[in-house]
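The form predicted on its own is given below as one chain in structure tokens.
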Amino acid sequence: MERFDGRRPDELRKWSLVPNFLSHPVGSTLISCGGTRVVCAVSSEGRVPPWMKSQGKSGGWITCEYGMLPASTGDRMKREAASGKQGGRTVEIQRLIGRSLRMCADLEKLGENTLYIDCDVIDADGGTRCGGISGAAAALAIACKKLYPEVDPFKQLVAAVSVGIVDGVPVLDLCYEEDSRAEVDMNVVMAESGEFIEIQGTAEHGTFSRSRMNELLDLAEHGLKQIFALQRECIEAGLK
């Protein structure tokens, strides 16, 4: 099979992570996954959401806001702020990123603080949620080590990658052209321990078998191991 961009079926796009991309946040990265680029930033606030206290929950909180710049796609997108509300896709993605990143840290060790993760897509070519999770996890690791040098609350890395079936072939890390015509599209979120956090899989054109699903998960793990290594390099560079 010849892929749209010439890659092998089991080959990631060119990924890169730039640490400390922004000057003001305590932790930030610029993640590039092929043509997709996402700026991820971590900010700290000395309080927790009111609902935590009302429910008697101790510790801190990690949450995410996600957005796409108007010029991040071929046709200019309208700013969601102009319409006065976020779209359903935006809400779904930022909740996914928030859930995933809460698996990274021991919330009790955060104290009564909220860590806000901002993921802003500046260029989109498929896999923006996976790029957001992977980039934000590295930014969060850097932030936690700076904010809590004595008791580091960061537990483990989390990363995400897309897999799918295109023209009958399982492929890794779909670009937009492949994603738009995939028979099966799946996003896999995994901890560095090898345990899964979330699997979002959809048959777009017909069903798929259990053996195909296992094949896709194996393919995702293959790619995620490479992403974890990249995250580690980014964190090390960001703390120098």
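Given the structure is predicted, the values throughout are model-derived calculations rather than measurements. In this text, residue numbers run from 1 along the sequence as written.
As for the form predicted in complex with another copy of the chain, it is not shown, yet the points below apply to it.
Checked against another copy of the chain in the predicted bound form, the candidates Ala182, Val48, Cys175, Ile197 yield a single residue with a heavy atom inside 4.5 Å, and that residue is Ile197. No member of the trio Thr128, Leu224 and Lys240 reaches another copy of the chain in the predicted bound form with any non-hydrogen atom inside 4.5 Å. Contact annotation for Phe21: at least one heavy atom lies within 4.5 Å of another copy of the chain in the predicted bound form. Though the partner is left out of this view, Gly56 does not reach within 4.5 Å of another copy of the chain in the predicted bound form, counting heavy atoms only. Contact between Glu11 and another copy of the chain in the predicted bound form is not found at the 4.5 Å heavy atom cutoff.
Although the partner is absent here, Ile62 is not a contact residue: none of its heavy atoms lies within 4.5 angstroms of another copy of the chain in the predicted bound form. Scanning 75 to 114 for heavy atoms within 4.5 Å of another copy of the chain in the predicted bound form gives Arg76, Arg79, Glu80, Ala81, Ala82, Gly84, Lys85, Gln86, Gly88, Arg89, Val91, Glu92, Arg95, Arg99, Met103 in sequence order.
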